[in-house]
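Before any questions on how it binds or moves, here is one chain, the form predicted on its own, in structure tokens.
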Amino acid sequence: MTKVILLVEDNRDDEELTLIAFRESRIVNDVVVVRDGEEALDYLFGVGAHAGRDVSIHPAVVLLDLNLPKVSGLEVLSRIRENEDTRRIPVVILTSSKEQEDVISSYNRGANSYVRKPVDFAQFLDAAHHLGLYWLVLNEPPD
């Protein structure tokens, strides 16, 4: 079974750049894109628009923007970590925020990694390649 990446991104340009970068890096995993924090929680917990989804199948990694409509990325992260069934899902904060407070808050709430989105496409491609290689190939998640 292919490992799924959950991309939580409200900016369509950043979404498209991420998907292009994955393709260019030959990351062939399915990418589920949700555009706000509420939809991310619906997907993870199998409710709302994602009611009936098999929630026992977790994403291999969640790439989570912080500045999201409806429910903030930090709140999504907190809800993921508070739930026994989702607390071990790797969550990478992928954001343009350079605020040290966001970095600290993300790690305090259980982020596995904090990555700033590079402005330059070549750097973005390199970052996506390394994210994919690490979280989808090298990382050994618990069963």
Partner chain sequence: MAILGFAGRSIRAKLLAVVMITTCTALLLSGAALVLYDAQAFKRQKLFELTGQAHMIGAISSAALSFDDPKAAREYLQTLSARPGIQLGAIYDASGKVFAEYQSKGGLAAPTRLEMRDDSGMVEDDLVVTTTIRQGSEMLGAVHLRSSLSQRTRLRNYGGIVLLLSALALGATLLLSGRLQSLISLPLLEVAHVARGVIERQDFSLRVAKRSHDEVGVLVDAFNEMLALIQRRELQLRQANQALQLEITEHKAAREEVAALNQGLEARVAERTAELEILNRELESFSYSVSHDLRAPLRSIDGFTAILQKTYGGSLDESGRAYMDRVRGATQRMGTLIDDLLTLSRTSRSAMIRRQVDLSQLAESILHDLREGAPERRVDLHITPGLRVEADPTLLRTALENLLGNAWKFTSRKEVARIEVGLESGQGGGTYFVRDNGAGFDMKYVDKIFAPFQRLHSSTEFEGTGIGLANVQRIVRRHGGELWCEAEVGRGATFYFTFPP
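A quick note: this is a predicted structure, and the numbers were derived from the prediction, not measured. Numbering follows the first chain given and starts at 1.
This next part talks about the form predicted together with its partner chain, which is not shown.
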Within 4.5 Å of its partner chain in the predicted complex, do we find a heavy atom from each of Asp30, Leu133 and Leu136? no
Touches its partner chain in the predicted complex: Arg116 (any heavy atom, 4.5 Å): yes
Quick check on Ser105: any heavy atom within 4.5 Å of its partner chain in the predicted complex? no
Might Leu17 be said to contact its partner chain in the predicted complex, defining contact as any heavy atom within 4.5 Å? yes
May I ask you to check whether Glu39 falls inside a 4.5 Å heavy atom distance of its partner chain in the predicted complex? no
Picking from Ser97, Ser78, Thr86, Asn112, the single residue whose non-hydrogen atoms come within 4.5 angstroms of its partner chain in the predicted complex is Ser97
Contact stretch among 30-38, 78-86, 65-73, 44-52 - heavy atom within 4.5 Å of its partner chain in the predicted complex: 65-73
From first to last in sequence, which residues of 118-139 have any non-hydrogen atom within 4.5 angstroms of its partner chain in the predicted complex? Pro118, Val119, Asp120, Phe121, Ala122, Phe124
